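In the form predicted alone, a lone chain appears below as structure tokens.
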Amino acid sequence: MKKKKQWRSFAFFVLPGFLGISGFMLLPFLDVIRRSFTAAATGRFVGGDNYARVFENQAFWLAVKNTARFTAVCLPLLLLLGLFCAMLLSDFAQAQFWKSVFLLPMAMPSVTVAMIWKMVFSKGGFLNRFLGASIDYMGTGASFWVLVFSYVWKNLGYTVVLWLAGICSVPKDTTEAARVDGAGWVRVWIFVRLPQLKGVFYTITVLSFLNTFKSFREAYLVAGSYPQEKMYLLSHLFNNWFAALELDKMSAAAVCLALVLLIFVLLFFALFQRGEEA
């Protein structure tokens, strides 16, 4: 009888969320999988033709290369910078105030952010006036680093807050005991606090990895649908295919992207579990 009540309670809390996820995510994605094997205009089954067209598309491989490079640069940069800022803020008495300051970029509208980047990085912008140069940052290979800077600037706040939440959850008794034993600030962090932040590290890494595939709005508002090739990401490709109603290619590419993301998350989870057991 007790188990039945537990299962009822479990179903009561889980079922509404599961129905919502199924209705708004799982079922639409199943329809995307179906569309990836059919022609957009006629709905006729075409097998793997859509996938072949995607893999033969040069714009697709350009977007994949840029997105992979963007993720490889931004992910470690965001994790390390966020951890460093959180380490410094954890020793401040007014950490709450600084958390609010770090979260301000996330509260700013994307249009406002895009206007700021135009004012700073355009050929006649503030940065060129300060340096006495005349460089079109958004029209050269430097546009990639502008995109990296904007992503880190906008997402650093929530990363710092997550790291701080993990740091604050570390029992103070362990750190105080280490200090009593003669451990300095560096040793306390390396041998006491960081090993207890593995769970937070996993969460932040997965969230940040997924967010790198969503850095589209600012780049789109600054440079349009076809920006300089170094900042042409998968988000631009999907947007352009959607505008051209090439839903068959877009569906096939979306399935491939979903598989890559799933494989990464599962592999990282397996490595995390192995590290926990070790």
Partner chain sequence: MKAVFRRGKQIGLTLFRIVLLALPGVFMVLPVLLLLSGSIMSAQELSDYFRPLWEDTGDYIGWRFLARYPVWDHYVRLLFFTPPFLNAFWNSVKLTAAILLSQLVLSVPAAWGFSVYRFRFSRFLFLVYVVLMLMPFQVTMLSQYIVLNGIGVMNTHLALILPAAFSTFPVFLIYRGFRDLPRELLEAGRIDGAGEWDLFIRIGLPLASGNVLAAGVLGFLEYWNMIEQPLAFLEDLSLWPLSLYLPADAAGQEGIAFAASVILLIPAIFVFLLGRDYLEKGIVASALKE
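Numbering follows the first chain given and starts at 1. Since the structure is predicted, the reported quantities are computational estimates derived from the model, not experimental observations.
There is also a form predicted together with the partner chain; it is not shown, and the following applies to it.
With a 4.5 Å cutoff on heavy atoms, S90 counts as touching the partner chain in the predicted complex. Shown alone here, R44 lies farther than 4.5 Å from the partner chain in the predicted complex, counting heavy atoms only. The closest non-hydrogen atom of F191 lies beyond 4.5 Å of the partner chain in the predicted complex.
In the predicted complex, at least one heavy atom of A133 sits within 4.5 Å of a heavy atom of the partner chain. Contact check for M108, S122 and F216: all three have a heavy atom within 4.5 Å of the partner chain in the predicted complex.
The contact residue chosen from R53, R35, K230, R69 relative to the partner chain in the predicted complex is R35, the criterion being a non-hydrogen atom within 4.5 angstroms. Here the chain stands alone, but in the predicted complex its contact with the partner chain, taken as any heavy atom within 4.5 Å, falls in 201-209 among 70-78, 201-209, 176-184, 139-147. Taking the partner chain as it sits in the predicted complex, the stretch 153-183 comes within 4.5 angstroms of it through a non-hydrogen atom at W153, K154, L156, Y158, V161, L162, A165.
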